[in-house]
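Each of the two blocks below gives one form of the same protein chain as structure tokens; they are labelled structure 1 and structure 2.
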Structure 1
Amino acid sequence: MKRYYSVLLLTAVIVIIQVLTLITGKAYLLTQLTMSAYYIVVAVGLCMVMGYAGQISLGQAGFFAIGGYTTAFLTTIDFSGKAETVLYRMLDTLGLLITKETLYGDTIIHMTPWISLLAAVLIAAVTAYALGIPILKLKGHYLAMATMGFGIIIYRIVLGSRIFGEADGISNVPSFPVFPGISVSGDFTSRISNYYIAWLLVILGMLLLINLINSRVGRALRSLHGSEEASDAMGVDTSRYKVIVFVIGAVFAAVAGFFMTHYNGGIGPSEAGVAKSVRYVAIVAVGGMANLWGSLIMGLVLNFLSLRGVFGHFDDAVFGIILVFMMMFMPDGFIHTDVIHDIKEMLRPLFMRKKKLKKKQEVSND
């Protein structure tokens, strides 16, 4: 049970923040908090891959893009005027089509995002699996290169294909009705519900990962990080485990991409770029590598500030500074449990000196 306390705390904090923003009239902050939550989902998934299983992935944005672009592409196909096609009739009888009126008075018919959610998860999982089997045999720089290569391929395909909108990306992505009456969309009126949807996703993800880490499989993964040969010798099917973790990370990213795309109503190639993948890696690294909570908190802080444009023209520069600074001075991350110990250690000389002084005084008094 103890391991869930922190999740309960997180839930409480989420609710408190929402209430506070409402009271202070700053509900608009929820927009960026919602967007950050989706990026956090990518980060914690990557944290599992990198921090726990020790496999670097510089291609995580590629999976995010797979999720986002799959749904953007599928849900922006307009079926109006295509009532004769087999696909239309099939979808229609299954009740999977949604009719919507655009801002400009046109009527469009598109398929429900539930289909594209399924597609996004499947495509991401299958891609990760097929890619993971060969490339996860690689290590270190080689693996970094291979995953980055995958990311670049996705980026290039998105950028070079007309169906994905080339450099413009895809806009006008419809909202995603999750529950009756509640849908994922960037609409002003559904801001609060979207905030909760996003963070629910984070909590769900955290629960799954925390459980995983504390299980038999989780330990095998952690030890794999230390010594693959040893894990092998203890009967861990290391190659299979690595691939599965990679798939989990990919699915997390794709789901996040899916939700973010509906929330934003569109997606552009910048979401697939190497720079984004680097950011995810950076967040995990700065969060302390094998530290889900670190990834969560750093993901929240950095994305929230960045999305609000707090760093201005220095967005990248600030990121660079944080990266370098953290890796140099706190390679175990900001939220490492030893921080408290370190602070104590730092303060100790102060007390010591006082004690010594006292002793000296006592001596001189004698």
Structure 2
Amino acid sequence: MKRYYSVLLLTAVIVIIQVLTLITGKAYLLTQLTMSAYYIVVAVGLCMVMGYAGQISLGQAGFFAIGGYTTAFLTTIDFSGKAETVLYRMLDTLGLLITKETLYGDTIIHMTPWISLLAAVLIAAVTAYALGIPILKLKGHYLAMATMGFGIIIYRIVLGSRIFGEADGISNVPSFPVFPGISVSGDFTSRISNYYIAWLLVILGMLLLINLINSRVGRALRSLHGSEEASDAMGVDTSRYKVIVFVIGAVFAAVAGFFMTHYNGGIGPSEAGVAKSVRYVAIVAVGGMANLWGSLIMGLVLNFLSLRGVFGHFDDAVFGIILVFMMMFMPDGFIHTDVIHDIKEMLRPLFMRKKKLKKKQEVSND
């Protein structure tokens, strides 16, 4: 049960932040906080790949784009006038078509985003599995270059394909009805509900990963991160576990891309760029390679500052500098278990003094 205390604390902080924005009249900050939450989902998934499986991936932006472009493409197909097709009849029979009016009064019929969510997860998982089997045999910078190559391929496909909108991307993506009356969209009147949906996704992701880390698979991953050769010698199927974690990281990125696309109402090729993948790696590096909470905290701080425009035109450069600095001077990350241990050791003498003073007072009183 103790493992979930941090999740409960996170839930309380999420509520407190929303209340504070309401009290101070700064509800507009919820937009950046919501977008930061979706990017955090990518970061914690990558944290598993880098911190526990010991694999460097520069292709997470590609999986993010797979999730986003899959739902953008499928949900913007207009089935109006296609009532005679087999696909229309099948979707209509299953209740998977949504009819709505546009701003100009036109009626359009599109596929429910729930189908595109399943498609996005499936495509990302199959792609990661097919990609992971050969490239995860590589190590070090060879693996980094291979995953970066995958990211570049996805970027060039979405940038050069007419069906994906080329440089303009895909717009007019409909809202995603999560619950009755509650949808993921960019509607300003739904800021609060969108904020809680985004952070609910983060909480669910953290719960899943925390349970995974504390399971038999998690113990195997820890041994794999410590020494792959020793894990092999102990009978751990290292290849299998590396592929599993790689697929999990890809699915997390695809789900985040799906939600972000519906929240923004569209997606562009910049989300698939290598610079985005470098950002995710930098966030994990700062937070600590095997520290989910460190990745979450630094993901929130850095993404929020970036989305608020604090870094200006040097946005990508800042993340690159952060990554270089961390690799040179703090390879274990800014937030890691050793730091927490050092803080406790620094505070221990203070608490020891207080205990000694209390004992002296008790003795003097007697």
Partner chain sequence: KQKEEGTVKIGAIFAVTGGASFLGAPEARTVEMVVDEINAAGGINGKQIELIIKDSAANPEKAISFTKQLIEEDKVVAIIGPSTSGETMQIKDLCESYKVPLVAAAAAEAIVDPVAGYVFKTPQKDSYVAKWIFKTMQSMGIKRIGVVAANSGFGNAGKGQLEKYAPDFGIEILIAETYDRAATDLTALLTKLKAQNIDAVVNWSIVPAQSIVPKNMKQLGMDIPLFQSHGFGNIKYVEAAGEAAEGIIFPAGRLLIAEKLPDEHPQKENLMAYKSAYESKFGEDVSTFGGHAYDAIMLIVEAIKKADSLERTDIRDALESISGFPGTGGIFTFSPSDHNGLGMDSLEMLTVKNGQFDFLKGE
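Residues are numbered by position in structure 1's sequence, first residue being 1. Since the model is a prediction, treat every value here as computed from it, not as a measurement. C-alpha atoms forming the largest set that superposes within 1.5 Å between two forms make up the rigid core.
Structure 2, not structure 1, is the form predicted on its own. Shown in the overlay between structures 1 and 2, fitted on the rigid core, is a CA shift at Phe319 of 2 Å or greater.
On core superposition, Met328 has its C-alpha offset by 4.1 angstrom between structures 1 and 2.
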